[in-house]
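Below sits a lone chain in structure tokens, taken as the form predicted on its own.
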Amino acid sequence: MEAKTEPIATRHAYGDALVALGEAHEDVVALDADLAVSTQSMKFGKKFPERFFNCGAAEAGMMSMACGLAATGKVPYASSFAIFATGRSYDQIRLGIAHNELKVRIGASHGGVSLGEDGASHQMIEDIALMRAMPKMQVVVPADYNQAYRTVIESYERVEGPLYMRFGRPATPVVYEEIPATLGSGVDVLREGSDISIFACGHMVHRALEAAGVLASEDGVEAEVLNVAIVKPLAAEAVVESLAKTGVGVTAEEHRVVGGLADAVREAAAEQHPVPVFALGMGDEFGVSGTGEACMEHFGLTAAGIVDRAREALLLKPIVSHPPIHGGRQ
């Protein structure tokens, strides 16, 4: 597959990569909860109808079916909206998939408030926290189509246990000019900097790069931008290395700041290199109805929002730095 160059939704990468996996591996099966057109798993269903299971609007049952398929040697990819994939089937994921460490891949699309018009009932902003807190579950939030495609392809062989992948509805600008390796360190430095570290995931990565440009041109601040695609297990060493260089950080995510990327980065910093780490994300609130971009702007999930948080964080930047403390829990 050639790398995309124009904005395109990460959910399309899920559908395209599923087809590629189906062509390469006969043990790959796909399940969907009556949302195959939206999640893009329909592409797999059209190509391999005998290996595609539309479970209807019954996510809990779908996850249980995925457990059975995985237990018999298949590699199931179960997809739905993030709100339903995690909220309606948490118990089945916890006791069926995670507790048994089954090789099930959950493809959750339409995550975050960029889903837009469907409003608070469908805008899932707690899914990363739910999956990150679950034992044995790995969590990946790709930044663009190219990284999302690689995530799905690599998920077949490079991850043995359960995996949660979060994809989005809107077209997202390309961050990677080539299809990157994703399930390696999980943290990519997209822009070198020495004054502040900006950690972002998913739809906030391209906004973080834009924010870094603004900080450089308006404030003379050189921000280091890191794409933390793998939120769990976090590559704490890469996070701490950046913070040790810059002395202060900001996280940016389309998710509640509780339990998501912010907490993951702050935990690593608190244990190994205590410096100020400010968070940009959803507070103690639900989503609202509107276009995806209008919702992002309403909650300040923009490049300007990142710039504002970075300026606040820089005011508390320690005057004297110190080397990181190694050996913290990851």
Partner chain sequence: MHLTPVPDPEPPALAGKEPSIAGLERYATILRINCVRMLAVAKSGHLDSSLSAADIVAALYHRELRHDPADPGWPERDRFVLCKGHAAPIQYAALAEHGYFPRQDLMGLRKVGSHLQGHPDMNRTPGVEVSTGSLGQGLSTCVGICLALRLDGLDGTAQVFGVLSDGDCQEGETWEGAAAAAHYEVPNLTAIVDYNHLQTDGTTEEVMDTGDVRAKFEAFGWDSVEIDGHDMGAIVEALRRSRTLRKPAAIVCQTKKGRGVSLMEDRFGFHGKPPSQEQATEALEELEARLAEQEEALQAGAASGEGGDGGS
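Numbering follows the first chain given and starts at 1. Note that the structure is a prediction, hence the values are computed from the model and not measured.
Here the subject shifts to the form predicted in complex with its partner chain, a form of this protein not shown in this document.
Trainee: Name the single residue among His122, Lys245, Arg94, Arg191 that comes within 4.5 Å of its partner chain in the predicted bound form, judging by heavy atoms.
Mentor: Checking each option against its partner chain in the predicted bound form, the one that comes within 4.5 Å is His122.
Trainee: Looking at Glu160, Glu177, Glu218, Glu117 here, can you tell me which has any non-hydrogen atom within 4.5 angstroms of its partner chain in the predicted bound form?
Mentor: Spelling it out, the residue with a heavy atom inside the cut-off is Glu117.
Trainee: Check for me: heavy atom within 4.5 Å of its partner chain in the predicted bound form, for each of Ala133, Asp144 and Leu301, yes or no.
Mentor: Answer is no for this spot.
Trainee: Please identify, from 275-283, 261-269, 22-30, 50-58, the stretch that has a heavy atom within 4.5 Å of its partner chain in the predicted bound form.
Mentor: It is the stretch 50-58.
Trainee: Consider Gly305 of the chain shown here, and say whether it contacts its partner chain in the predicted bound form, taking contact as heavy atoms within 4.5 Å.
Mentor: Although its partner chain is absent here, Gly305 would stay clear of it in the predicted bound form, with no heavy atoms inside 4.5 Å.
Trainee: Would Gly287 count as a contact of its partner chain in the predicted bound form, using a 4.5 angstroms cut-off between non-hydrogen atoms?
Mentor: Result yes; Gly287 sits at the interface with its partner chain in the predicted bound form.
Trainee: What residues, if any, in 72-86 have a non-hydrogen atom within 4.5 angstroms of its partner chain in the predicted bound form?
Mentor: Heavy-atom contacts to its partner chain in the predicted bound form: only Phe84.
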